[in-house]
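Shown next as structure tokens: one chain only, the form predicted on its own.
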């Protein structure tokens, strides 16, 4: 020991190796560290107090001796800490039951909205419907003109639609109906040999809505269309009854209420008897026993003519439904934003939304 250090330090220095070896866990080591090199009340702290009171000519050598002793203790404590941490890791490894099956990584799954869209598609496949897709960046021609939406219609204003400033005449589609226009134009030359046209158009759409519990600037739709000879409202009603009963159960009833959409004539809103309360009245249906589920109607002749299909020979129907609206109703989710926040707890709870 350095002769400049006080006698009591020699006793602490002799006891240190034995005390260090006696530390069997990190808690004991931390207590020993506090006693020897802690900032208050430790051996080093008392030596530093003595350094302050030492004569000026001794301060340099005494300070060097104190620092050397402190470094020696700290290095020994650090080495013992590494030994204890390694021993703890080894103990955990030895405690592992090798007969247990290996841990399984979490399994991924489709998003609830994608699963619901897939379920809607599956309902219509037995009726001969196939899926059509189209671009999400559309032209005014397909998004509006081909759907009998005139230039002065409010939906064509920048307050309702995302226009691309760098590409005049282009926009983010406001519905999946442009897919219907594109598909009709593509299949029109073959409509006679095919005997008609029937398809679904699921996908993302965009509108300038403020984000709140029931609105989002991006959401999903599934639209359907059928064109054939002599198609009327009775065919629309019968098809929707089949599809909605497949979705909500065989006891489901539907009703059609007159409504206006530029691309159908006549148009209607379609309600289903509330599947959550069996039409007895609840919070979801606001006590009416009915829930609005989609819009539909017979295809306007102007839409057929725009696609190059003779409206005097062919007729058809179309419908469109919001996927989020149906998902919120089926799961009784009060806030649309939950579907887009990617909270794993919520997505797991929505596992039954099939």
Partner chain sequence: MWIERAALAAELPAAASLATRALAERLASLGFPVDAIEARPGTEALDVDITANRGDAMSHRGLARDLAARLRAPLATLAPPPAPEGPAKVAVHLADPGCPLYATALLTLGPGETPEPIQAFLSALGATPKKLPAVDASNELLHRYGHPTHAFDADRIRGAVTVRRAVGGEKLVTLDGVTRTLTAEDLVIADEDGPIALAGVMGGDGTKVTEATRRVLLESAWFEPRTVRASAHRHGLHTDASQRFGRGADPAMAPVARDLLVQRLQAWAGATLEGAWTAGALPAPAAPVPLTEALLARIAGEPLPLAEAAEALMALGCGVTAGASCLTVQPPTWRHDLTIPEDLAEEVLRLRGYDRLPSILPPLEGPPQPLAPDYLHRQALARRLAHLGFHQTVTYGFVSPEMDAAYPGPLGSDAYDDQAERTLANPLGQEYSILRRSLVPSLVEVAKRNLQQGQREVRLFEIAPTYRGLPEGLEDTWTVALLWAGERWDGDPESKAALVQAKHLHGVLKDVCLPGTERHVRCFADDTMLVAELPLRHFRRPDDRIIPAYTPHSRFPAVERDLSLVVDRNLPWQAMAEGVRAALKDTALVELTCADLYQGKGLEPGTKAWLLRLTFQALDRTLVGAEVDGWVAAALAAAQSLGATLRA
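Positions refer to the first chain, counted from 1. What you see is a predicted model; the values in this text were computed from it and never measured. We call the rigid core whatever largest set of C-alpha positions still superposes within 1.5 Å between the two forms.
Not on display, but discussed next: the form predicted together with the partner chain.
Trainee: Contact check in the model of the complex: 82, 305 and 308 versus the partner chain, with a cutoff of 4.5 Å between any heavy atoms. Do all three pass?
Mentor: Per the other structure, none of 82, 305 and 308 touch the partner chain.
Trainee: For the chain seen here without its partner, which of 74-82, 177-185, 133-141, 273-281 has a heavy atom within 4.5 Å of the partner chain in the model of the complex?
Mentor: Of the options given, it is 133-141.
Trainee: Considering non-hydrogen atoms and a 4.5 Å limit, does the partner chain approach residue 291 in the model of the complex?
Mentor: Contact with the partner chain, no.
Trainee: Spell out, yes or no, whether the shortest heavy atom distance between residue 250 and the partner chain in the model of the complex is within 4.5 Å.
Mentor: Residue-level check for residue 250: no, no contact with the partner chain.
Trainee: With a 4.5 Å heavy atom cut-off, would you call residue 300 a contact of the partner chain in the model of the complex?
Mentor: Because a heavy atom of residue 300 falls inside 4.5 Å of the partner chain in the model of the complex, the answer is yes.
Trainee: Do residue 11 and the partner chain come within 4.5 Å of each other in the model of the complex, heavy atoms counted?
Mentor: Yes, contact at 4.5 Å.
Trainee: Looking at 128, 213, 169, 189, which is the one with a non-hydrogen atom within 4.5 Å of the partner chain in the model of the complex?
Mentor: Filtering the options by heavy-atom distance leaves 128.
Trainee: Which of the residues spanning 97-113 lie within 4.5 Å of the partner chain in the model of the complex, based on heavy atoms?
Mentor: 100, 101, 103, 104, 106, 107, 108, 109, 110, 111 sit within 4.5 Å of the partner.
Trainee: Please determine whether the C-alpha atom of residue 230 is displaced by 2 Å or more between the shown form and the other one following superposition on the rigid core.
Mentor: Stays below the 2 Å threshold, so no.
Trainee: Spell out whether the Cα of residue 42 moves at least 2 Å between the shown form and the other one when the two forms are superposed on their rigid core.
Mentor: Where the cores coincide, residue 42 still shows a C-alpha shift between the shown form and the other one that is 2 Å or more.
Trainee: Taking the rigid core as the superposition reference, indicate whether the CA of residue 106 shifts 2 angstroms or more between the shown form and the other one.
Mentor: Yes, the C-alpha position differs by at least 2 Å between the shown form and the other one.
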